[in-house]
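Single chain ahead, written as structure tokens, the form predicted alone.
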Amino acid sequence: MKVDLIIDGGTVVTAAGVMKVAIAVEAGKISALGSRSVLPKAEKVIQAEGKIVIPGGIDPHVHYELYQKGETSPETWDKGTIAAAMGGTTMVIDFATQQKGKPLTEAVKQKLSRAAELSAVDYSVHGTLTDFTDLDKMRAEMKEMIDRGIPSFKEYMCYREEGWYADDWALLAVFKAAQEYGGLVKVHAENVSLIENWQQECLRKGWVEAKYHGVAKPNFVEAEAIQRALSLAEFAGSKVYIAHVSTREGVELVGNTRGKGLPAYAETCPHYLTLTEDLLEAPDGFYYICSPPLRKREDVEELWRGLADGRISVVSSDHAVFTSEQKSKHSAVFTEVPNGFPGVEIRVPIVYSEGVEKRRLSLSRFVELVSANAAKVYGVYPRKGVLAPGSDADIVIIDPKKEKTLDCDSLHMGADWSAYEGWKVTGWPTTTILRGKIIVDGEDYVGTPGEGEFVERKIEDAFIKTV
């Protein structure tokens, strides 16, 4: 008997520990882990001596083909998910945003259709509810989505001008429905009233440069909204997930809630772990406009502490690509600049290089942050997020000695600029395997766009409680 593939000689890492074993793959699944001598022969063997072998990365926060501030991201699903694969990510979760007056199901259908045609990695979506005129209808749509294997919902406590804003009453209704039907609410927590008024105050004073983006969104804007979201979720008895935490206050608030035994989870992103607000002062500061804004060095350090001690559970990318031309043509007024960073490709390498290599984050914690915890929180564990018999053979091999410069021309994302121009990381994926098939081999993408599959999800208390 032969299996399809064996990966031999590598250091195999799961959230539970580090092992020196070989991995056997058959029919897209991991069939066994053990000594090479006791495993079957294989059609193909990958020798991984000196390499680190991890479950495929899961990025639960990407925005492909995003429309914002009058601009549509030119990065299509194929290009964006090839970049994900090149950076060691084998599953992404995007957002299907409801159009007011139309059902959420319509947005979900459109998003999944694009992904089915073009995605290079496996995928799912969060449903973003924006129409709260009929809460009974909203609840029915949430139940339908959960029954279809889409149990997570994104709500914005800001972006009123975009039509995405959920007020406290709507947010409470979403939390209650999620609690009743087995869903999870992911919240973009920023206080809309403070943002709008501080922005208008800046504009009245003629403060229009990029640096005033942060002035109009100080730490308190995020902290107050996080506190309110946590309180509403606690009242509803609901799980809650805080997106892209950027402040030291946010880390503390989530940590305090988790300390009470409540089901609160949070993510941060590579740019909040590495970049600081001084970049907004530069002549090209408009490139660095994202929401929440970049913060101070003390916020960066507290985020790393939160990752190490468990207050923050996941590192996502919040990947959103707009070109230099799209950013620059709106740069005269900071409120008009499309928000976001290209980041899906550099997420796993930055957490490895900055976390494991520089800050001595354990390999097991690294795997939790880039794969296992997202799998548990969003309901795909143990199909994904772990290297174990029966799990999908989504496997990434990292060369811990490989250096890479994060210049735009060395990356594959659909942007013509890099927030990390000149940065070097140590440790880079050399092989990405999706359900047993090699899709990245060295510097080459060797897969086929469209071979990614939709993954039905179900949030299981037995797994999410371990995060």
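Numbers follow the displayed sequence, beginning with 1. Note that this is a predicted model, so its numbers are computed, not measured.
Only in words, not in the display: the form predicted in complex with N-(aminocarbonyl)-beta-alanine, which the text now covers.
The partner is not drawn, yet in the predicted complex one stretch among 256-264, 383-391, 96-104, 333-341 has residues with heavy atoms inside 4.5 Å of N-(aminocarbonyl)-beta-alanine: 333-341. Tyr159 is the sole member of Trp207, Tyr159, Trp198, Tyr181 with a non-hydrogen atom lying within 4.5 angstroms of N-(aminocarbonyl)-beta-alanine in the predicted complex. A heavy atom within 4.5 Å of N-(aminocarbonyl)-beta-alanine in the predicted complex is found for one listed residue only; from Val187, Cys290, Leu307, Leu273, this is Cys290. Within this chain, Ala320 lines the site of N-(aminocarbonyl)-beta-alanine in the predicted complex, having a heavy atom no more than 4.5 Å away. Interface residue remark: Arg311 is not counted as part of the site for N-(aminocarbonyl)-beta-alanine in the predicted complex, having no heavy atom within 4.5 Å. Within 4.5 Å of any heavy atom of N-(aminocarbonyl)-beta-alanine in the predicted complex lies no heavy atom of Ile439. Residue contact with N-(aminocarbonyl)-beta-alanine in the predicted complex: His244 places a heavy atom within 4.5 Å of it.
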